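Two separate entries follow, structure 1 and structure 2, each one form of the same protein chain as structure tokens.
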Structure 1
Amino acid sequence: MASIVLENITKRFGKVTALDGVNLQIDDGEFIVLLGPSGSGKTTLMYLIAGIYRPTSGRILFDGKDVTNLSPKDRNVGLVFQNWALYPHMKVFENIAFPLTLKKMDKRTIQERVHQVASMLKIEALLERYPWQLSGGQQQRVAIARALVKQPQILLFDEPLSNLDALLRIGVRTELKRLQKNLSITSVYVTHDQAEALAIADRIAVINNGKLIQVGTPEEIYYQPKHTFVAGFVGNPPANLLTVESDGTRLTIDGKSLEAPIELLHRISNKRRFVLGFRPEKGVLLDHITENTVGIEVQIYEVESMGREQIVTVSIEQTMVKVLRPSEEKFHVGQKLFLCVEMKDLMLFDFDTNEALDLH
């Protein structure tokens, strides 16, 4: 096992800066997810940890040892790729054993290790099959077994579940989390799927445009985003982000009055403009504004049934807001109501910097 420290990591490809001054500490045995949209730099960061890329500047340390210039074979990392990369002409046993065969290990050790990881991943019955005889989920387990058979210090996953269908993905990620905890291997997992990140991570590192925006537990990332990007990227639907104007005594959205406790006015007294955010499930739709809430009149624009819940889209003049409500509540298009959110559920951001304002 190993801890990982990334010190001021910058990576450029020609004139393109893929990563810009990234600092990150990953604890021994931690499962950390690198989350961000396509092109954000998350896979580049993983390849730097693997040794596939070298940083333009900065240092990478494993357990305090500088490995910045070490090749991948000298870093003792296991890699699981998006496309699984299994050899079609080799049986499952040979695919799993391949890293050990390259090291010229004796046959008995290879046999023991392959059967050990195959048992762990419940694929012992598949060892004599070829990859083309396996389902997608089985192929993914083989790829994970091949990474584990090396007994790596660090396990790296590059969007390993993206080629699986939705139902299978949920099952495999549950097993993956259990396996990681049982083995206590330091693991770095790259994905653009925020639901996946929230489900499996000890901590999430949100990356955008080559910069590390926030690092925190799934709960911190979801409920206490430090930047509008994090609030707007994480969640399904993501957080509502509304630009609010203030003249010191009155708050408006799209020129429409926003009823708010005096406490909120005090907190943003010097701000002429700020961003107010809240999670869709924290909004309620009522026929009146309740105490200790922020409320505004809205009109029902659309209702989407999701089974046990519904996404209700409401309009504040030209601004659209999504609210998640139980399916038992009934709404109709054109209906006028008040959207209310409790003070404790609000997120406030600086309009110019997009960074969170201190609410307390």
Structure 2
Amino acid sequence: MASIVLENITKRFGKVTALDGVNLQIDDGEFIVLLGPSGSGKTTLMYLIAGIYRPTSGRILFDGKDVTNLSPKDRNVGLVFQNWALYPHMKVFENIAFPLTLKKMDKRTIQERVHQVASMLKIEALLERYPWQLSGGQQQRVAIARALVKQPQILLFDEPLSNLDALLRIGVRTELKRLQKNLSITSVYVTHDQAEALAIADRIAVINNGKLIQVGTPEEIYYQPKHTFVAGFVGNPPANLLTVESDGTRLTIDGKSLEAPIELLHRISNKRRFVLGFRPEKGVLLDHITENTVGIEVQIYEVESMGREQIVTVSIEQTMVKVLRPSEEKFHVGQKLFLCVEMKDLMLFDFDTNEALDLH
């Protein structure tokens, strides 16, 4: 129920720059997923929005109002901490009720609201226990309940589902998303699980080393990465990134020649070197190179079955490439084939800046 604007946010801890000139606009009711590797500054960004940290420079606006120097208690934000931060001396009920008792609500309302969120998160049976009597996943749900119960205008989740088993995780995240849409609470959700990000985000913000690399819908992030980091981080397995050398007429990878339509040479505008990327599911393995594709001779290195599909690792001299193929196709290690990728499925990046060359 509030839009968030981060304006040029920088946060330093002594010599460490945790966030570096971050600009981000989050719309009212939007579900943004912050995706990045460990130490990239995700938690720091959450704490800045919650008001626990003050930015070294930059401004934070809620609904156009500057809240940069507002204390956490005046921001009406719900935060699920990465380590839950339940109050050890309070029972689960008291933990969840804590934000409400601070607002001096009457007992009946508190009871109702606590039971409502508890039933939603399936922790009703645990209300009389202490946090240390709960499993990790249960504690996590208590932390979520405590953030939800005060019906904040902004919800911040710092890796809230990392301790749940795979099945429960998918269940709870669907529930969270549904809930967020129903209440239309603006939410920021931190994860380093890219599959989770793709599944639930309205938009994904990819962060690395304190810098926002790309912000976009899951489709944009997946199919039109603006940076090799995004291509190499998102997807399972992530996109293949190959360094290609060019002498103006001929393209090579590890000295092996790469067959490509002349159009590709135009797109790279005569660079000596560039990075060619493609999604594993976009590669095909054939005994010849087909029309309008880029192709190169490869040798099968390893085949891993994943049930319906298989990950086929092939080698171009030293470079390894992963391709996702249906299980019906049969390959054997050592076999020589041609790897072909259609022109429209290629992602091209500058070798030095790692940024996308052109976006089709």
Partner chain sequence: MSLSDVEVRSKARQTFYSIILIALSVPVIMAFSVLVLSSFANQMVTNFDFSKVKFTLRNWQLLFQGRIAITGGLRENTFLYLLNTAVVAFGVAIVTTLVGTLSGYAISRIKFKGRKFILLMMLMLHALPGSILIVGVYFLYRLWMPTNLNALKYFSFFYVIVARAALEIPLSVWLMKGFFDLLPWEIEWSALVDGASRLKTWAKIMMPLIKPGVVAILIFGFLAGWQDIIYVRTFLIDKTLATFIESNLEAEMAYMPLLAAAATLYLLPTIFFYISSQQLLFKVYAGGIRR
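Each form is matched to the other, and the largest set of C-alpha atoms that superpose within 1.5 Å is called the rigid core. Please note that residue numbering is based on structure 1, beginning with 1 at the start of its sequence. Because the structure is predicted, anything quoted here is derived from the model rather than measured.
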Task: Assignment: the form predicted together with its partner chain - done: 2
Open item on the list: Relative to the superposed rigid core, does Lys73 relocate between structures 1 and 2 - that is, does its Cα move 2 Å or more?
Closed with: no
Open item on the list: With both forms fitted on the core, check whether the Cα of Ile185 differs by 2 Å or more between structures 1 and 2.
Closed with: no
- [ ] Would you pull out the angle in degrees that the smaller rigid body rotates by relative to the larger one between structures 1 and 2?
- [x] 17
Open item on the list: Superpose the two forms on the rigid core and tell me the Cα shift of Val142 between structures 1 and 2 in angstrom.
Closed with: 2.6
